[in-house]
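Here's a solo chain for you in structure tokens, the form predicted alone.
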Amino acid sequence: MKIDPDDQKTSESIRQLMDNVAIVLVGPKYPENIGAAARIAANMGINQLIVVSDEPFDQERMSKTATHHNSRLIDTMQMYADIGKALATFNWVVGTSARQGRQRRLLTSPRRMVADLLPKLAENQVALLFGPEDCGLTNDQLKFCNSVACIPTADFASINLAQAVAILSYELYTGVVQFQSESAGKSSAKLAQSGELEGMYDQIELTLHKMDFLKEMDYGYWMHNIRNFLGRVGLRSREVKFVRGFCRQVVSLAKEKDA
């Protein structure tokens, strides 16, 4: 059978885009769910699996639900005890949550999330972040996210971890296939990594304290809103450096004033 060169080229382009995606599981409770997530991710062309936990998991129980064909994701799985270190090299982080509240980011549907993500995918490493089976991602974990997807349901909002991974992975894969077949839009620029953003947020917080802008009772609220705004913008590395340089200058002036 002769393969159409255009089809082959499209398939390679799809593979390259999906190679920039990782599934990140934070504090999963059951090895079987890790294996099921690995199986789903591999079937949708995702080849990176990261688990954030300080406890090892039973290899045999993970491999059983991953199946032999997809066990490679279990074999290459990365483990981190700290979520910040796990996400440090990613340029765009998508969280998943069904809960809303004052301290929560605005939620978007998986399909809208994918539409926003597709132009970024060629130049950026993307993490799809999932929380524990019993409680989902906390506010402290969601602060690392640029956007948060909520899977719409007709009634009870709780969805099994593996099911959530399947839905987002499927939406992303089908979106990538359509994106490639339609040759849609130009790719966006490479964005700053999560580790760079965290350094910037720490410096912004320090600067606002030096300015007496942040009070003990409301600094969490203000930093949440600052993270929410700058996270959605999608800053480049040079823009992060500009913000940090501005903060250093403000702190320096504050020290001169106090001297």
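Note that the structure is a prediction, hence the values are computed from the model and not measured. Start at 1 with the first residue shown and count on from there.
Just so you know, the form predicted in complex with a further copy of the same chain exists too; it's not on screen, but the next bit is about it.
A.B. asks: Taking 154, 225 and 235 together, does each of them reach a further copy of the same chain in the predicted bound form with some heavy atom inside 4.5 Å?
C.D. replies: Checking in the predicted bound form: 154, 225 and 235 are all within 4.5 Å of a further copy of the same chain.
A.B. asks: Please name which of the stretches 158-166, 139-147, 124-132, 81-89 has residues with heavy atoms lying within 4.5 Å of a further copy of the same chain in the predicted bound form.
C.D. replies: Going by heavy atoms within 4.5 Å, the stretch is 158-166.
A.B. asks: Find out whether any non-hydrogen atom of residue 53 is located within 4.5 angstroms of a further copy of the same chain in the predicted bound form, and reply yes or no.
C.D. replies: It does not: once a further copy of the same chain is placed as it appears in the predicted bound form, residue 53 has no heavy atom within 4.5 Å of it.
A.B. asks: Check whether residue 239 has any heavy atom within 4.5 Å of a heavy atom of a further copy of the same chain in the predicted bound form, and answer yes or no.
C.D. replies: Judged by the heavy-atom cut-off of 4.5 Å, residue 239 is in contact with a further copy of the same chain in the predicted bound form.
A.B. asks: Is residue 197 a contact residue for a further copy of the same chain in the predicted bound form, using a 4.5 Å heavy atom cut-off?
C.D. replies: Output for residue 197 is no: heavy atoms all beyond 4.5 Å of a further copy of the same chain.
A.B. asks: Under a 4.5 Å heavy atom criterion, is residue 173 part of the interface with a further copy of the same chain in the predicted bound form?
C.D. replies: The answer is yes: residue 173 has a heavy atom within 4.5 Å of a further copy of the same chain.
A.B. asks: If you look in the predicted bound form, which residues in 60-89 sit within 4.5 Å of a further copy of the same chain (heavy atoms)?
C.D. replies: 69, 70, in sequence order.
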